[in-house]
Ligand code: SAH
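Quick setup: one chain, the form predicted on its own, written in structure tokens, and binding and motion questions come after.
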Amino acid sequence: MSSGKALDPSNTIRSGNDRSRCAVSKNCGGCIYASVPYAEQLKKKEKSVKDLLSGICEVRPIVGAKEPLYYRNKVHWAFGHLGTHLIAGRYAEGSHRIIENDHCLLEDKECAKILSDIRELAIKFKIRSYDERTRQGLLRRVLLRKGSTTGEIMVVLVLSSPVLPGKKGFIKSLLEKHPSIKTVLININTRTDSMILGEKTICEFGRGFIYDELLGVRFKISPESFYQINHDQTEKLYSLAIDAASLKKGEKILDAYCGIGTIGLCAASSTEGILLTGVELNRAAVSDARENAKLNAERTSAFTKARFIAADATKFMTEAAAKNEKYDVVFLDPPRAGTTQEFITACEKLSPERIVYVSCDPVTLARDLKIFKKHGYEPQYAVPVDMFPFTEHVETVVQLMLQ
């Protein structure tokens, strides 16, 4: 296991929006635009979306980040050894080579400090890192999640065994240094693939989850929850999606690929009397979505009426169409592969007046919009949102109307 050079913070940041000098960016590969001024990054991303959606719909100006650095509220480091030296950091792109960098320009500063302190505590308590080749050792990774609004932090120690030497002292020392840590968990991962978390998680301190808020709606975040890593840009993304939905009092909305219910619940909170149905394949996420609805039930009756169903989105849509169910608005936020032909065909049968497509891949978005158009839904406009500054990724919100 090899490492990259530790980063000297004095050489990392320039003033203004072009603070993007990172000494390990070439080795790390996490920031493809590390040397590109932020204004230029936005131009590149906006142009790429415009090129892909040319002839499909209007593309409005990209929504950039007010602060494009230190935005990642989910951070994880891998642990290994270089000789007798314990090392920790991110894997270099496409490899399992650890790049040590205590001053990553994308990671939340407090989380990065906690990870650095965990490394020092691991040395102090003589905790051996896991060796992927020999399958010996204990500490594989550490995952941190932070509620950007609440300030609450979750620490997940990913181990090859549930037995952590000096566990009580280790956790006590960590909490004394960082009182913002509200829960500490041990995840046991005995897998041989690249999955970060194993199947079993044990809560050692706190309630096992943290809270955060988006657009005034409170969410419970567990270790496995899908939750966007850039809080401020997520609020902009969801606000654009809700605006595109043009919701009216008492409408029925469907949130497909709903995860823990973030888009649907934020939409339901924006307009009186909304009847929300969320659909998600991951049962743990559906459980979280139901709890999130209960958590916010005192704020509006929409949350008490919300229902979340564990099902494949395409299968649910097809069955709903066969039953002649009706929805006024459909939100869909599919994975990078986009949605399916069957999902789009079912939309035509369900005949929602408006569809809001939130995409994390403009290539599959362009493909799907052309199919939607053949099924009677005209894309009105698209808005790119820079969710992940200094990377090549871009999210896009599209409004479609039934013709």
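Just so you know, these numbers come straight off a predicted model, no measurement behind them. The numbering used is simple: start at 1 and walk along the sequence shown.
Same protein, other form: the form predicted together with the ligand, not shown, and the subject of what follows.
Q: Thinking of the ligand in the model of the complex, which stretch from 175-183, 311-319, 82-90, 239-247 has heavy atoms inside 4.5 Å of it?
A: The contacting stretch is 311-319.
Q: Out of I263, L254, A306, I210, which one falls within 4.5 Å of the ligand in the model of the complex, going by heavy atoms?
A: Exactly one listed residue reaches within 4.5 Å, namely I263.
Q: Only one of L276, C258, V142, C104 gets a heavy atom within 4.5 Å of the ligand in the model of the complex. Which one?
A: Selected residue: C258.
Q: Does any part of G55 reach within 4.5 Å of the ligand in the model of the complex? Heavy atoms only, please.
A: Although the ligand is absent here, G55 would stay clear of it in the model of the complex, with no heavy atoms inside 4.5 Å.
Q: Consider D288 of the chain shown here, and say whether it contacts the ligand in the model of the complex, taking contact as heavy atoms within 4.5 Å.
A: So D288 does not count as contacting the ligand.
Q: Mark Q228 yes when one of its heavy atoms lies within 4.5 Å of a heavy atom of the ligand in the model of the complex, and no otherwise.
A: The answer is yes: Q228 has a heavy atom within 4.5 Å of the ligand.
Q: According to a 4.5 angstroms non-hydrogen atom cut-off, is L281 in contact with the ligand in the model of the complex?
A: Answer yes; at least one heavy atom of L281 falls within 4.5 Å of the ligand in the model of the complex.
Q: For a quick check, can you give me the residues of 315-340 that have a heavy atom within 4.5 Å of the ligand in the model of the complex?
A: Counting only heavy atoms within 4.5 Å of the ligand in the model of the complex, the contacting residues of 315-340 are D333, P334, P335.
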